[in-house]
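First come two forms of one protein chain, each written alone as C-alpha cells, so that there is a structure 1 and a structure 2.
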Structure 1
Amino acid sequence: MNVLVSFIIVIFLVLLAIVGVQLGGLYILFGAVLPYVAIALFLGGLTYRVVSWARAPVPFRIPTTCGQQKSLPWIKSSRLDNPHDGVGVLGRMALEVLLFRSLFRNSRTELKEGSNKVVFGPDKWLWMGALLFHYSFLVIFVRHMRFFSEHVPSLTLLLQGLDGFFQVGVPVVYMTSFMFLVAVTYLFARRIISPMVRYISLPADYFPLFLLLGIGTTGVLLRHIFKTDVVGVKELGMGLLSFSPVASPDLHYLFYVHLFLVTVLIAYFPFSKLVHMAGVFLSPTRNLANNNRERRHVNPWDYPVKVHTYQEYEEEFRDKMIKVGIPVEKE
C-alpha cells in the first residue's frame, strides 16, 4: 500500500509535467517559476531546519560510544569510536560523512533454519548500496554543472572524462548513470524483499526512491534515446541563473519531466528524511566529544530547584518517625 501510494504520486507528477507542457504549453511555469520556487524553498527550508536544530540545547555530551573511553594514561582509548577531543570528533565525523561508517558496522541477527540458534553476522549490503548511490549521485550532480556554468568547471570535465572512460556509444555512456540506477533499485528492492524492512517502510521512504528512479531514468533516456538539444537546455539553465528565464518550447517534453521531478526533489528536500544531508553534521550522538568526566558541563537552563533534603525531612518528621519506630540519624 505504501509502495503503491508513492508510486502513484510519482506517476502523477510525471503526467502533470507532460500534460502541462504538451497540452498547456506552460513552459515558463515548468521551466522557470517552479524551479525558482523550489530553490527558494530549498535554501530557506534548509536554513530554517539547521537554525532550529542549533537552537536546541545540548547541555550534556551524549555521543554513542563504540570503544574504550579515554581515562587513565595507561589504558588505551579508542580515539575514533569514543573521541575525547575535537580531533577525534573530526575523524569520526569524516568517516561517518564520507564513508558511512555506522552503516559499515551494520549487523544482522538471524534465527538459523533447522536449529534454534540465533546467529549474528555482518551485513555490508546496505553500506555498499548507500555508498554507491551517494557517490554516483555526487558525480552526476557535479557533471550537471556543465549546464549551469560558463565556462564549464574543470572538475566537471575531469569527472566526465573518467566517468565516460570506456567511450561506449555516442554520446558516451557514463558509468555513474547506471551505477546510480542500480543502487536506487537495490535500495528499493531491499525495502520490498525483506519483510522486516518492509514493515517499517513508509510512503516517505518509497517516495524519494521512486522520484530518484524517475529522475535517473528520464536523464538516461534524454542522453541516449531521445537526445535533446543540449545547447537549448543550457540556454534554459543559464537563463534561470541570470534571472532572465527563457521559454524553450523546442525541448523534448521528457526534459520537462526530468526538470519537474528534480524541482519536486529540491522542494521536498528540507522537509523530509533527505535533510539528513545537513542533519548528519548536527547529530549530537556523533559530533560531540565524550569528555563528560574530564570537564564539567553546566546545564544552560539550570533552574534553582526547590529541594527538600533528607535532613530537612527528618527534622520535620522526627517525632513521628521515632514514635512508629523508624530509625533516625539524629536522636
Structure 2
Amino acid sequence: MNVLVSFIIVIFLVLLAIVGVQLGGLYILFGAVLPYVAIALFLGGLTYRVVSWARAPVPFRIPTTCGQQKSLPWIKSSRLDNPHDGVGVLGRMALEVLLFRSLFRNSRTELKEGSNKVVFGPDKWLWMGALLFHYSFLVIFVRHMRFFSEHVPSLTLLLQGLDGFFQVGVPVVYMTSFMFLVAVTYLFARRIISPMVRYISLPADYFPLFLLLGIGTTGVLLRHIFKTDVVGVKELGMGLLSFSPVASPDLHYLFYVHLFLVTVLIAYFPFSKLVHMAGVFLSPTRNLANNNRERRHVNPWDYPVKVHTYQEYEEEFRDKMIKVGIPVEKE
C-alpha cells in the first residue's frame, strides 16, 4: 500500500505537468515560477533544519565508539573509530562522507533456511548501491552545470569526457546516467524484496525513489529518444540564474516533466530523510572527539540550579536515617 500511494502521487505529478504544458500552456509556471518557489523552500527549509540542529543542546559527549579509547601510552588507541582529537574526527568524517565507511561495515542478520540457526554476515550490496547512487548523482549534477553558464566550467568538461569515455552512440551515452538508474532501481527493489526492510518502509521512503526514477528516466529519454532544443534549455537555465527566465513553448513537453520532478524533489528535500546530507555534519555521534578522560565536557546550555548535596541531605534527615538503621557519616 505504501508503494502504491507513492507511485500514484508521482504519476499524478507527471500527468499534471503534461496537462499543464500541453493543454494549459503554463510554460512560465512550470519553467520559472515553480523552480523559484522550490529553491526558496529548499533554502528556507534547509536553513531552518540546520539552525535547529545547531541550537540543540549536547549535554554529554556521545560519539559512537567502535575501537579502543586513548588512555595509557602503552595501549594503542583507534584513531578513526574512537578519535580523541580534531584530526581524528576530521579523518572519520571524511571517510564517512566520501566513502560511507560505517555502511561498508554493515552486517546482515537472517534466519538460515531449513534450520533455526541465526546467521551473521557482511552486507556490502547496500554500500555499493549507495556509493554508486551518490557519486553518479554528483557527476550528473556537475554535468548539468553547462546549462547554467555561458562558458562551460573545466570540471564539467573533464567529467563529461570521462563519463562518455566509451563513445557509445550519438549522442554519447554517459555511463553515470545508467549507473544512476541501476542504483536507484536496486535501492527500490531492496525495499520490496527484503521483508524486514519492507516492514519498516513508509511512503516517505518510496516517494523520493519514484521521483528519482522519474527524473532519471525522463532525462535519458530526452537525451536519446525525444529530442528537444538544447539551446532553449540553456537559455532557460541561464535566465533562471539571472532572474529573467524564458520558458519557450518549443521545448519538448517531456523536458517540463523532467524539470517539474526536479522542482518537486528540491522543494521536498528539506522536509524529508534526504536532508541527512546536511545532518551528518551536525551529528554529535560523529563530529565530537571522545576525550572524556582528558577533559570534562561542560554543556554550554547548562544554567545554575540549586543542588541538594548529600551532606545537606544527611543533615536534614539524620534522625530519621538513624532511627530506621541507615548508616550515616556523621553521628
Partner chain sequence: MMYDGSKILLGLVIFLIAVTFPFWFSWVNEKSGFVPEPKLPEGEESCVESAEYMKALHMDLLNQWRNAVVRDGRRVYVSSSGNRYEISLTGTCLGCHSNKAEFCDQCHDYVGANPFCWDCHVDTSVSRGEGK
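Numbering for residues begins at 1 and runs along the sequence of structure 1. Treat the numbers as computed from the prediction; the structure is a model and nothing was measured. Between two forms, the rigid core is defined as the largest C-alpha subset superposing within 1.5 Å.
Matching structure (the form predicted alone), either 1 or 2: Of the two, structure 2 is the form predicted alone.
Large Cα shift (2 Å or above) at K306 between structure 1 and structure 2, core-fitted: Yes, because once the rigid core is superposed, the C-alpha of K306 moves 2 Å or more between structure 1 and structure 2.
Relative rotation of the two rigid parts between structure 1 and structure 2, taken as the smaller one's turn in degrees: Value: 5 degrees, smaller part relative to larger.
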